[in-house]
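Okay, so here's just one chain, in structure tokens, the form predicted alone.
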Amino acid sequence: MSLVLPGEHVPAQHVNLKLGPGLLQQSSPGGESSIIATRAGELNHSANRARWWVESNARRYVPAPQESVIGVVIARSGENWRVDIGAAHMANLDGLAFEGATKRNRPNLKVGSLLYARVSLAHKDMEPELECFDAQTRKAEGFGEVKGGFVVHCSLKMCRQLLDPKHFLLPMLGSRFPFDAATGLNGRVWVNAKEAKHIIAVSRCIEAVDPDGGGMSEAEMKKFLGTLDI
């Protein structure tokens, strides 16, 4: 991976190209398009080079389309809800943005309800919009209101690491006890388990591995787990 600065051109090319945070597609008067970086950081891409993004140590979440987030309902506005996702602006959630929702049959969300949602619209001049279903299947696929559990706040980089199937932490914890987790790319991870001590253990482990926290390695985490009452 390479480091990029704002304004640098990025060689991102793919038939189904999807740009994540820190990248912008620009069109020239001649009709040619180019990809440039909008923030300083480490340039990353998926294995098939279809998804590109810039990994930076940002403190505030900047919404990007198709990213999953953990949000909290803070107000109701007509048929919509206002949701706090940790960004500069509150996000809008339409009352029909759920699987099978109709005007007569829609979720009864209240202020304080916790949501696992997907960013459907993100633009610098508009408030972000959320949906609680998968864009392709139109099914919930785990999105929607989440109840119980605990929300762990961590760095944006830690959230991206947890979504990497090759990362060691969640599989290591899952081999010791069952638990549910939903990772939002906005620096929030929802954790739930049958026993409170397991929820606490997962929370402490995420904070310990977080690069902005303890920054533990896999070997150090194995030793740390031995000290916990699980």
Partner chain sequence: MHKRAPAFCSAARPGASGFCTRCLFRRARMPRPASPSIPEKEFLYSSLKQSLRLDGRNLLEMRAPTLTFGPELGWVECALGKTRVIAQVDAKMVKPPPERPLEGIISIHSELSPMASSEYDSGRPSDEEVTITRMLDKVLRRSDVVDKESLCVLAGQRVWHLRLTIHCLADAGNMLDCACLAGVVALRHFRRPEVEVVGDEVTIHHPSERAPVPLSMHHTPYCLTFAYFPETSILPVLDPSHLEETLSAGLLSIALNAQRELCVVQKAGGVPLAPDEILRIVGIAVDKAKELDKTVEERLKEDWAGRTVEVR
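Residue numbers count along the first chain shown, from 1. Here the structure is a predicted model, which means the values were calculated and not measured.
Quick note: we don't show the form predicted together with the partner chain, though the next part is all about it.
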| property | result |
| --- | --- |
| Partner proximity in the predicted bound form: residue 47 to the partner chain, non-hydrogen atom cutoff 4.5 Å | no |
| Residue 126 within 4.5 Å of the partner chain in the predicted bound form, heavy atoms | no |
| Heavy atom of residue 153 within 4.5 Å of the partner chain in the predicted bound form | yes |
| Residue 148 within 4.5 Å of the partner chain in the predicted bound form, heavy atoms | yes |
| Answer option from 96, 74, 135, 121, heavy atom within 4.5 Å of the partner chain in the predicted bound form | 74 |
| Answer option from 64, 199, 58, 40, heavy atom within 4.5 Å of the partner chain in the predicted bound form | 199 |
| Complete contact of 114, 207 and 213 with the partner chain in the predicted bound form (any heavy atom, 4.5 Å) | yes |
| Interface segment, criterion being heavy atoms within 4.5 Å of the partner chain in the predicted bound form, picked from 158 to 166, 28 to 36, 199 to 207, 171 to 179 | 199 to 207 |
